[in-house]
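Coming up is one lone chain in structure tokens, specifically the form predicted alone.
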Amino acid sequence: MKINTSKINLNKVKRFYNSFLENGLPNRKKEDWKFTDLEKILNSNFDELEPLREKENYKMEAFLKFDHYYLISINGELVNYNLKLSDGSQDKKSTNLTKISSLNDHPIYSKILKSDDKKVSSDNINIDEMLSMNLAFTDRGYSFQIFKDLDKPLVIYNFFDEKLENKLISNSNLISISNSKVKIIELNIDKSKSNYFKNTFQKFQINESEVDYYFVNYNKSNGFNYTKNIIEINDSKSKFGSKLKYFIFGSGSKFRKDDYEIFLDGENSFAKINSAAILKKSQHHEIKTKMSHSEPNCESYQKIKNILLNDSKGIFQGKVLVSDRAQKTNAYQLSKGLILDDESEFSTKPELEIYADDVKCSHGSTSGNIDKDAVFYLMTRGLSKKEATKFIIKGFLNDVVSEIADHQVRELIENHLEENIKNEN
């Protein structure tokens, strides 16, 4: 596979492009990619990728029925938003939204980043091929700052249109949340039916805030998606602990790798990562996390649950890193796969790296087939085999869904999972 650079001014991005060429696409030789050979996957599905440069001038509409603020992007380009209050005015003291349109606007070089971040990011370019690829081709995205509580949910609509066959989308986003309590729902809505590759870099900065974040792949997608998420929770100067609850519902994606680096940099920080997915028809979904505890009295929880059938592949790589300063850490990690046929696969690699002595850390991982006795028992109570299987699947995923307190969001997720349960066997 080659990348068509005929429409790119490589002089402006020569350093990053050369770094990408030198390293190439990641493959199984790299430990972080041992379960997802991206080089092989992309070479098998694309002869050539052309970086997307077209930016649509039409607008999509928000469609969720409940009252909400929203951002709307098409193919990664921000095209519309509504942040107005109920009286029609916009509170400029609550939010600030700007477009990212060039390398100079990339989150790595943003003025609101700490100065030492720039050195770390610069060093990482030489060893992170996906970051150097993103920097070489990025031309779209947004920077969004939230300074006050949002009185209703914010929905981020990511639409993808029909003009994406063999395209490479490179976008970057920055979301900064301070002194706020917010609920964010990110929806991927793929209308393209196309094979494309999307390489996304996102940075989250959360300071003295409470954030509930929900990612939902709203419908079936033939796209190939890699997303690197850097999440910083508080810092050593923060006076109050922040809380992040991040839910991932990626069912329906042909290929996804979601890569999270989460830094609990302030005392009393809290992070929870939950995921529930139904994978089928050769779908491939990996969640990779690195949860770094650097200060005392922080907590992190991770729960990853996959239903797998029809030659699908689910992967979880999770690492908890506890520094010598991070006494009184409480960290928990669990991954489970329910495999419904002999062709599917669930791979896990849990890790604990602990340098403090007063901590409570644990991890667990299980995978197995559906309990035939449980199916038989339900059939004796009047259910068909198909109905019994669906009942068990719902029960398997329910402890993730049940943690969603907001009934409107929970209904959205339940409908998403119900749609993907159809025809599972």
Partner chain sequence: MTMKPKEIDKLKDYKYGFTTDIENIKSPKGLNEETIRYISKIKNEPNWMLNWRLKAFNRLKSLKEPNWQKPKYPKINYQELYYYSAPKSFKDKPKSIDDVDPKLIETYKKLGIPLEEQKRLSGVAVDAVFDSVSVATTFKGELEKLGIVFCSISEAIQKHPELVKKYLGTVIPITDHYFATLNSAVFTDGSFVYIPPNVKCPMELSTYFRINASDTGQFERTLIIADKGSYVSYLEGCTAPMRDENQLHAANVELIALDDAEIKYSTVQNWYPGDEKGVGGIYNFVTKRGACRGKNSKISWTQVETGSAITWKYPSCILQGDNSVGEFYSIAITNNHQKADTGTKMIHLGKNTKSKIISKGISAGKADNTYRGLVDISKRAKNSRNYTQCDSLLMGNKCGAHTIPYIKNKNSSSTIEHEATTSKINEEQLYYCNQRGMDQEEAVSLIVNGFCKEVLQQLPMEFAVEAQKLVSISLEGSVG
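Residue numbers count along the first chain shown, from 1. Small disclaimer: the values here were computed from a predicted structure and weren't measured.
The same protein also has a form predicted in complex with the partner chain, omitted here; what follows describes it.
Find out whether any non-hydrogen atom of Q327 is located within 4.5 angstroms of the partner chain in the predicted bound form, and reply yes or no.
So Q327 counts as contacting the partner chain.
Contact with the partner chain in the predicted bound form for S44, defined as at least one heavy atom pair within 4.5 Å: yes or no?
Judged by the heavy-atom cut-off of 4.5 Å, S44 is well away from the partner chain in the predicted bound form.
Taking heavy atoms only, is L52 within 4.5 angstroms of the partner chain in the predicted bound form?
Residue-level check for L52: no, no contact with the partner chain.
Contact label in the predicted bound form: K349 to the partner chain, heavy atom within 4.5 Å:
Yes.
So if I measure heavy atom distances to the partner chain in the predicted bound form, which of the stretches 202-210, 337-345, 289-297, 164-172 falls within 4.5 Å?
Every other range fails; the passing one is 337-345.
Taking the partner chain in the predicted bound form as the reference, which of E61, D67, E31, E48 has a non-hydrogen atom within 4.5 Å?
That would be E31.
Which one, F147, Y109, Y355, Y301, lies within 4.5 Å of the partner chain in the predicted bound form by heavy atoms?
Going through each option in turn, the one that passes is Y355.
Which residues in 257-293 have a heavy atom within 4.5 Å of the partner chain in the predicted bound form?
The stretch does not touch the partner at all.
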